[in-house]
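Before any questions on binding or motion, here is one chain by itself as structure tokens, the form predicted alone.
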Amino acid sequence: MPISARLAALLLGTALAAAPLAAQLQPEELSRVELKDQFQPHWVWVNDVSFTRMADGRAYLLDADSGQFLGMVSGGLAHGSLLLAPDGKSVAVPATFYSRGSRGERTDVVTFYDAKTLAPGEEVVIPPKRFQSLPFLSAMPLTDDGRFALIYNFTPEQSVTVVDVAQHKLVGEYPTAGCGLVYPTGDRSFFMQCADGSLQGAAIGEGGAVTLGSGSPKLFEDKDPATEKPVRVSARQWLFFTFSSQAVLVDASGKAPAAKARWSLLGPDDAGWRLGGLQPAAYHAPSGRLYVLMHQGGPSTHKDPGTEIWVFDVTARKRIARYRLDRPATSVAISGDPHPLLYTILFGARDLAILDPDTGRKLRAVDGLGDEMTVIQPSPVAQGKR
């Protein structure tokens, strides 16, 4: 060994021998932070289908006022959305798991989480056939009183599974005559979309059993079908949107759902614009305003993200504002309180944008979330009775 190398080794050994022993690492003490007893008006859930780690879907709870990350719950494989109690005091998650992670025996459950700690609690096993796709809020809603969860199944046979949320038990599975998704119209009723452009009414018994009622005539044309992403505007009314950006007000007050009004989101100078996205519209009940993601595109672009938000007075059926986004958005939602915040996300981005609904100005963003965020669920608190 050359003298220089031996000298360097000797000096290194001397330095190591003289160095003080590293301090012992102290184990970290785990602690648990509890949330408030009730979700706050500007707390918002963002769902992540987690395409790159499909068995590990999740939902993030954020404080939109401060931009703080509050917590997270697991959603299992192909996570959809959450069951948020109307009083904001509980959350449940329909989820799918396989015994070998990505294969093996399939088990579908509804897991009830503690609202203060977001710790998982009781589970109800449900038929292993819940609808799995990019999420729709209409695939697994609660009844208005929060008593029953209505979970849409597709195998491709279509049915609805009913879970008694109050008693944490399975009620049963009920066929739906080829109609899909669930649009509540009160504590004990809902309707579904059918392949022929009609709507099918249904009633829920006191124990949770589903009975199909009257169906509507054909409401949507084959050349301009309705999307599966309407917004609810009152107790028994939903506003649907067609591929050509027609708005159709559906009323379920009578024996069967009926179209009460039709109008276009487009004005005479809006040729080429189209509604689009995964969650393309949001309705703010206290103000009667509708917020819609719009983009320029052809007939097959109804899933494309919006580059602008158009604001409408629903009663007047008139556009009152349009906001250009600094980045496209695939989902839009709004808090239900009298002083709301507007939320947008872009599938593939990692942040929730928080906007002023009166001006469209970006107030803040919460970054570092998932890459495949889908639908936004604002806190149900302070949204008022429908």
Partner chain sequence: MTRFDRIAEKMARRAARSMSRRSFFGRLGSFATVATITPLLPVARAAAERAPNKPQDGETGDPQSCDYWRYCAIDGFLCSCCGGSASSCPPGTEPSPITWVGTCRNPVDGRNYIISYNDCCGKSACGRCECSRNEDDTPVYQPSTSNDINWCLGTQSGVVYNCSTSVVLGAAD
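Quantities reported herein were computed from a predicted structural model and do not represent experimental measurements. Residue numbers count along the first chain shown, from 1.
Below, we turn to the form predicted together with the partner chain, even though it does not appear here.
Listed stretches are 284 to 292, 190 to 198, 264 to 272, 109 to 117; the contact stretch with the partner chain in the predicted bound form is 190 to 198, by a heavy atom cutoff of 4.5 Å. Taking the partner from elsewhere, no residue among F39, T307 and R350 has a non-hydrogen atom within 4.5 angstroms of the partner chain in the predicted bound form. Only one of R53, H339, R327, K318 lies close to the partner chain in the predicted bound form, with a heavy atom inside 4.5 Å, and it is R53. In summary, among the residues K303, K89, R147, R232, the only one with a non-hydrogen atom within 4.5 Å of the partner chain in the predicted bound form is K303. Within 4.5 Å of any heavy atom of the partner chain in the predicted bound form lies no heavy atom of Q296. At least one heavy atom of L77 is located within 4.5 Å of the partner chain in the predicted bound form. Using a 4.5 angstroms threshold between heavy atoms, L181 counts as touching the partner chain in the predicted bound form.
The partner chain is not shown here, and in the predicted bound form it never comes within 4.5 Å of any heavy atom of G71. Contacts of stretch 101 to 131 with the partner chain in the predicted bound form, defined by any heavy atom lying within 4.5 Å, are made by S102, R106, F131, listed in sequence order.
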